[in-house]
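Here we start with a single chain on its own, the form predicted alone, put down as structure tokens.
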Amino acid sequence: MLNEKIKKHISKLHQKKYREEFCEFLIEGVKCVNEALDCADVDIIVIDGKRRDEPQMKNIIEKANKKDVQVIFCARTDIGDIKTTETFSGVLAVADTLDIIFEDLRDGKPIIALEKIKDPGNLGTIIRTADWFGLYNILLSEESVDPYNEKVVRSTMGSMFRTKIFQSKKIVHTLEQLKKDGYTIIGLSSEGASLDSLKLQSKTVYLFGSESNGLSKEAREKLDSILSIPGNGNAESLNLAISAAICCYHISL
């Protein structure tokens, strides 16, 4: 069984305030834990003791041992206290949050920016999509969902370890600084010119608004242009993650 101190610590990491306090977060699933071992600082790994001899678990144990990461085997009675999903995948890791600062985004490459995104599934999907298209700079506004939220982490399928995710304390100020650095700010909205001709450009920020309210008035005042995704049907709007995926595709052509 798990040490009570470790079990209590893992349980606390389900909450944002403790993730911020300890600068740690939870990762669950074979693929994501493997990615974390390759790309992040992993503190401990917890494996269902009854599954320790499965080939995938043996591989994780071997990789962890090579990196001097502690592996702990838990009993089935521990799983309810630590799991991040309804059905435990058999392996969970505690890792240090990624140390991304604003300067890391100011490398001249395109930035996908999200204003007050709330849905963790949307954020995770956008991070995964950006990684697919080779767009690694992601800017989050204040009041956005925590990128270390368990559902966000799962939805990225490991892509969060290959992208640079920075959360601004005031995105309008961050956009002002980027404009001073020579960045063009393009807003994506339901109105505006078609993005059909959009091409990848250096020093460009592609800004998306929240799922419910779109771009704020303050953010719109920082835009150099507004683009929209043309459609022929009658739906009121596109899902935010789908809109971002279409934009990423056009940027990468």
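Heads up: residue numbers just count along the shown sequence, starting at 1. Predicted model only: the values in this text are computed from it and were never measured.
What comes next is about the form predicted in complex with a further copy of the same chain, which does not appear here.
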Looking at K164, R128, R154, K83, which is the one with a non-hydrogen atom within 4.5 Å of a further copy of the same chain in the model of the complex? R128
Y183, Y136, F88, F73: which sits within 4.5 Å of a further copy of the same chain in the model of the complex by any heavy atom? Y136
Just checking whether K7 would be counted as a contact of a further copy of the same chain in the model of the complex - the rule being heavy atoms within 4.5 angstroms. no
Close approach of C23 to a further copy of the same chain in the model of the complex, 4.5 Å, heavy atom: no
In the model of the complex, S237 touching a further copy of the same chain (heavy atom, 4.5 Å): yes
Report whether the minimum heavy atom distance between N149 and a further copy of the same chain in the model of the complex is within 4.5 Å. no
Partner-proximal stretch of 103 to 111, 141 to 149, 173 to 181, 154 to 162 relative to a further copy of the same chain in the model of the complex, 4.5 angstroms, heavy atom: 154 to 162
Using a 4.5 Å cut-off on heavy atoms, what residues in 217 to 253 are near a further copy of the same chain in the model of the complex? I229, P230, G231, N232, G233, N234, A235, E236, S237, L238, N239, A241, I242, A245, I246, Y249, H250, L253
